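Shown next as structure tokens: one chain only, the form predicted alone.
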């Protein structure tokens, strides 16, 4: 099958597409039909070495450029990405199954925002001067070296850009491994960066399963690892990186709470719950999948939620009218189906959905459970699919304790008209990314990341610069040096 902006080979190394058919073949499957639409090959050891050697060889010259020069290239890449938004959005939809209605306004646009933001910041990365009498110290902010990015399958263009933009702005080079489930989009990010003027080797993409990721993470030529993925994967990657004392950023999973107080504007709260549970068919790490609704408005909330879910347009994700698409893969659909079965078996009330649709592809209905209790499986474990758990509450202190009673701490949200309560609750959340009267907004200007088991470090914003650079202190003595002998 031919589709727009189709990559021409499995890997992008040293400024060009590279193929090595000795690698294990990986089928590219379109989630809307289940059809195989392409094939890439997993990176062989030779490909891994070629990519890392290319990144290492390009790094010194890239870091030696001025920040203004690097930033100009990143901003040019952002312009190209915006010009090609339609084609890139179509490709994202083929890769992930997400509706074009969504990909056309979120994915490549978010990637372009990151390239533009960090491109603008590249020239501002300065040190400081510290006066000590006659003597003085100055600091230099320097690149780490070669960075490895390991992506998840839910936002392949965005993640490739979110990791690449700050890394390159700081003078690092990158080898990025996308998820084997969605291998296509990162190749286009690499192609666009090179077209915009990034020298060969500055941004490379190689394909592969977990073994390729493990080889990259443990390689002695790698200085930094940035992972977006599950908590179990994060533990393995963190341990492997620690063995080499490598810098690490981890954006992992969550089971985030969303609290809807009795004074909330119900229409907005329902909108937030939809965005926090059913956008991208629920395949978003920060989703607020534990929706605590005050008993005074619970039934009104559920009624309005069901009415709005009934208006979802489920169909061909390439059709701009479609607003809800398939799961990314047969395996992910089966995982979510097993959680739905557990929800029924453990006594939750199925309010809406719950079934697989009778059509090709990996479609599940948006699913809502009510009367969920804190000890149910669907309230404890990350499902990563279109399943919302609605829990009752009456008291603020009680609901805060329940909301924080989880190993995760990625995100949290609150809906209320009470300004003092809104900020009090946000301060009380044990989560890295919080929302008041909204959910899942992720502008590049804001730090994004989690606490507890949900991650280490931050992506986006000025905070990301600290995770892709290091400080060097230089002491300057203006007089003679004294010594004891």
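Numbering follows the first chain given and starts at 1. Since the structure is predicted, the reported quantities are computational estimates derived from the model, not experimental observations.
Below: the form predicted together with a small molecule, not depicted.
Peer 1: Answer yes or no: in the predicted complex, does the small molecule come within 4.5 Å of a heavy atom in every one of 151, 154 and 210?
Peer 2: Yes, the whole candidate spot contacts the small molecule.
Peer 1: Using heavy atoms only and a 4.5 Å cut-off, determine which of 102, 116, 223, 382 is in contact with the small molecule in the predicted complex.
Peer 2: When the small molecule is considered in the predicted complex, the option within 4.5 Å is 382.
Peer 1: Only one of 269, 388, 237, 167 has a non-hydrogen atom within 4.5 angstroms of the small molecule in the predicted complex; which is it?
Peer 2: When the small molecule is considered in the predicted complex, the option within 4.5 Å is 237.
Peer 1: Does the 4.5 Å heavy atom contact test between residue 180 and the small molecule in the predicted complex come out positive?
Peer 2: So residue 180 counts as contacting the small molecule.
Peer 1: Taking heavy atoms only, is residue 214 within 4.5 angstroms of the small molecule in the predicted complex?
Peer 2: Close contact exists here: in the predicted complex, residue 214 approaches the small molecule to within 4.5 Å, heavy atoms only.
Peer 1: Using the partner position in the predicted complex, report whether residue 285 sits within 4.5 Å of the small molecule, counting heavy atoms only.
Peer 2: It does: once the small molecule is placed as it appears in the predicted complex, residue 285 has a heavy atom within 4.5 Å of it.
Peer 1: Test of understanding: in the predicted complex, would residue 251 fall inside 4.5 Å of the small molecule by heavy atoms?
Peer 2: Flag for residue 251 set to yes.
Peer 1: Only one of 202-210, 398-406, 259-267, 78-86 has heavy atoms within 4.5 Å of the small molecule in the predicted complex; I'd like to know which.
Peer 2: So the stretch in question is 202-210.
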